[in-house]
Ligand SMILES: NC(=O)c1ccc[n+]([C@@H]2O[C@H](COP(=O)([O-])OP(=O)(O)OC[C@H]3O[C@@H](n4cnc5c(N)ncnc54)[C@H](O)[C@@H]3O)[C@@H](O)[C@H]2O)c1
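Single chain ahead, written as structure tokens, the form predicted on its own.
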Amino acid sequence: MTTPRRVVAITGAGGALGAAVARQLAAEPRTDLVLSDISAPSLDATVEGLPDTGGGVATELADVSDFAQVDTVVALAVERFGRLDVLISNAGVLSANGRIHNLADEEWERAFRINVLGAVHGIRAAVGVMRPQHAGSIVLTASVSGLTAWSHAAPYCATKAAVIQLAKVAAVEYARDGIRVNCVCPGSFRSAIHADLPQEAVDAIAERHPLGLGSADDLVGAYSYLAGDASRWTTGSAMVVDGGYSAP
């Protein structure tokens, strides 16, 4: 009997974390990918960096703040590969640096529209396919900032806390449909957002992490676990991978 292939869709696949997760899952057996991002050059770079394992790859540009565009990503998975087994909702945005009284409504709205509604849209689109299958895994990208307090980053912290709670509620709502919903809470890791920071700022961020500043590759194991059969009895979890940031 032939083991069926696994179909994984990833939003935010053009960033450092999305690309690393895509590489990890592409290297795992019998996996086809649907990769999405708002940036065509970033998405192309991710595809170019994938290992040559013979798995299928489809791409779709999408803004996660628009449900119709996220639904198109999920529809592409079904069209190309016949099903959707895993959705990794990874697209997100940082907020402007500032104290609460200095942040305009537009900054809050942008953070909620992308970080929270983007995750909601992913869940809504995915369960439309997964409920009839009576199987599926949804993984949201939250942040350790949703469990701690980062000064001058209130919209980001608040939205990532909302994502953690969203994963818990969705886990309860869809468990009887055979769908697991979890989230990963990364600490700070090296990415393009650090490129323009002075070295002393990067050092200060690293100092907050007992194991030092990580990389996107340090996070992929959590996504691999939650996307795979080994986590079949795991749902509603907020998996912290933060180099010890939240330990003290």
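In case it trips you up, residue 1 is the first one in the sequence shown, and so on. All figures in this text were calculated on a predicted structure; none of them were measured in a lab.
A second form of this protein, the form predicted together with this ligand, is not displayed here; the remarks below concern that form.
Colleague: Is every one of A77, G128 and Y225 in contact with this ligand in the model of the complex, taking contact as a heavy atom within 4.5 Å?
Modeller: Result no, not one residue of the spot touches this ligand.
Colleague: Within 4.5 Å, heavy atoms only: does G92 come near this ligand in the model of the complex?
Modeller: G92 belongs to the contact set for this ligand.
Colleague: With a cut-off of 4.5 Å between heavy atoms, is T59 one of the residues that contacts this ligand in the model of the complex?
Modeller: Looking in the model of the complex, residue contacts with this ligand do not include T59, since no heavy atom lies within 4.5 Å.
Colleague: Closest heavy atom of A142 to this ligand in the model of the complex, within 4.5 Å or not?
Modeller: Taking the distances in the model of the complex, the answer for A142 is yes, it comes within 4.5 Å of this ligand.
Colleague: Should Y174 be counted as a contact of this ligand in the model of the complex, where contact means heavy atoms within 4.5 Å?
Modeller: Y174: no, not in contact with this ligand in the model of the complex.
Colleague: For the chain seen here without its partner, which of 61-69, 175-183, 48-56, 24-32 has a heavy atom within 4.5 Å of this ligand in the model of the complex?
Modeller: Contact-bearing stretch, as computed: 61-69.
Colleague: Of these, A153, I123, A162, I114, which has a heavy atom no more than 4.5 Å from this ligand in the model of the complex?
Modeller: Of the listed residues, the single hit is I114.
Colleague: Using a 4.5 Å heavy atom cutoff, which residues in 173-189 contact this ligand in the model of the complex? It's fine if the answer is none.
Modeller: The stretch touches the partner through P186, G187, S188, F189.
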